[in-house]
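Quick setup: the structure tokens below cover two forms of a single protein chain, split into structure 1 and structure 2.
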Structure 1
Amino acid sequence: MKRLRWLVCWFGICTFGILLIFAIPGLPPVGDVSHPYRDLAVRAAVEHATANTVASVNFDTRAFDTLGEEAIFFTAVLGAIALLRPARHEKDRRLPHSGRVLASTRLAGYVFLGITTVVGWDVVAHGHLTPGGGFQGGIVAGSGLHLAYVAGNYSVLQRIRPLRLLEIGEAAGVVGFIGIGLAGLVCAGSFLTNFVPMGILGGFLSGGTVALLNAVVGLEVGCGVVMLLSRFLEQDLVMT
């Protein structure tokens, strides 16, 4: 069958390549000035006083996409946790244990644990103003927690991550997104409408629901990533 695979694959590469070679000259050259959707999106961001136009697209004009995106992350965490459960004949797995850690490593780890968490939530909080937002900040804050494992040992990490609470926090992130959407439906007549007063462009309190949605997404992603890693860390898998 390898021979067939080889033939099929080469046929695919060649035809795919030809398809692209003929199609690409039909595209506008890179660096072109015409971006009609960009013009609309920037105007909308100015209208709603959201300095970070990417956040404006993600959480205001195309917020429904982002609901789907958040749902994908939520589902991936849910699915991975369900799939990484111990099978029926398996016992609970051994927990990972750390080796010897230098004192300097330990100090650096704990210092950076604090810094990373603060930076992560800062990125979430300023998502409507500067590059970043709920997804980025949530990942930073959530994975930063694992410095406790790198610097100390697994039991320290276990103590600072209450999995039950994180599970609820993750779900609350999704419910919160939908709730803000419903509030838009009730107050302004359309799901996910940005109905909160917009504030002044560049101010911390600006952008209306963009900042709120950033916060709930940050909550969801931050909690989700810890849950996800917790299951992967307990897999004690020896591959040869």
Structure 2
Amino acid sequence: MKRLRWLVCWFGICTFGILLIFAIPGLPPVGDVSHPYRDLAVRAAVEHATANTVASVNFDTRAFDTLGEEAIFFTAVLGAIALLRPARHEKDRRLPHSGRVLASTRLAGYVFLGITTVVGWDVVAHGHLTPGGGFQGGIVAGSGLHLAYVAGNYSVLQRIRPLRLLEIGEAAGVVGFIGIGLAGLVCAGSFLTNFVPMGILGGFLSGGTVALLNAVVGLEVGCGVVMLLSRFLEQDLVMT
């Protein structure tokens, strides 16, 4: 069995190496001004009224690839939560006494908790217009919630994070992405086709389905980050 694995490994390496050797001569020279992919991506973004070309590529030109990335994130969070679930020999213990937090640190933490949350969802909402999007904004919003732990203690964080709703939100983000794709299949004949009215370039209601996909990805990523960190903190602070 070990020998078979090595054979498969070397077969893959050799095949990839041969293809790479044939592909390298076809690469454009360094400093070449011809960038066909860039030109096509910018043109597609303008045609679909998406001011952020990167978002246009992620959620329009190659939206199917982004669905795979979202599925990878969802599976990774699910796997980590399953691995970190309490074992039979583990049990809850009393939370350790939290250390003293400076009043200035506590104030800054609680103030920036609200600011970070708003900024995170603003990045999601404007992902089709400015740099950012669902992945980036979801990370900011999800991780920013944990300023309650940094500025206060674990009990405060426990009170303000509705884990059950976050589980539903994470699943809803994945289902929403697939649902938008199926809507494109029904309405336009192709999965994840941008079928929503495009609006005016630079306007908030523009980009068609790009803004919608940004929103569901932000929901899934934001909820997933909180769920993942909840398991790590539980293992570190609560379980024994």
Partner chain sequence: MTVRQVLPLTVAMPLGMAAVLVAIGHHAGRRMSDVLTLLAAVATTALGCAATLAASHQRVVSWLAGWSPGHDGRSVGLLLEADALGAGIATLAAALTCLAVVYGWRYFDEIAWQYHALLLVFLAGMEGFALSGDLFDMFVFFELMGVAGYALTALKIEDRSAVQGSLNFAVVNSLGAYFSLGGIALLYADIGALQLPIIGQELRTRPNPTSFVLAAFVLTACGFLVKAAIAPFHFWLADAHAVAPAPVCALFSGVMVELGLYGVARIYFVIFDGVLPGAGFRLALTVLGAVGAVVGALMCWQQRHLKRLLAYSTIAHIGIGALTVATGSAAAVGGAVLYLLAHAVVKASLFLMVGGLLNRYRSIDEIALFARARAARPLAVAYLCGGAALAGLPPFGLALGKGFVEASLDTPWVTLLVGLVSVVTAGAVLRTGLRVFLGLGAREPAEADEPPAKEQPDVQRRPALDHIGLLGPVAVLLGAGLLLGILPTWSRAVTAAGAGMVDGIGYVQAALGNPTPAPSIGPVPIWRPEDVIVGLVTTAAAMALALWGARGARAVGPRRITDAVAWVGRGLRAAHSGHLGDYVAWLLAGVGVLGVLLRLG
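Just so you know, these numbers come straight off a predicted model, no measurement behind them. Here, residue number means position along structure 1's sequence, counting from 1. We call the rigid core whatever largest set of C-alpha positions still superposes within 1.5 Å between the two forms.
Which number, 1 or 2, marks the form predicted on its own? If we ask which form is the one predicted on its own, the answer is structure 2.
Treating the chain as two rigid parts, note the angle in degrees by which the smaller turns against the larger between structures 1 and 2. Domain rotation angle between structures 1 and 2: 44 degrees.
So with the rigid core superposed, the C-alpha of residue 22 shifts by how many Å between structures 1 and 2? The alpha-carbon displacement, core-superposed, is 13.1 Å.
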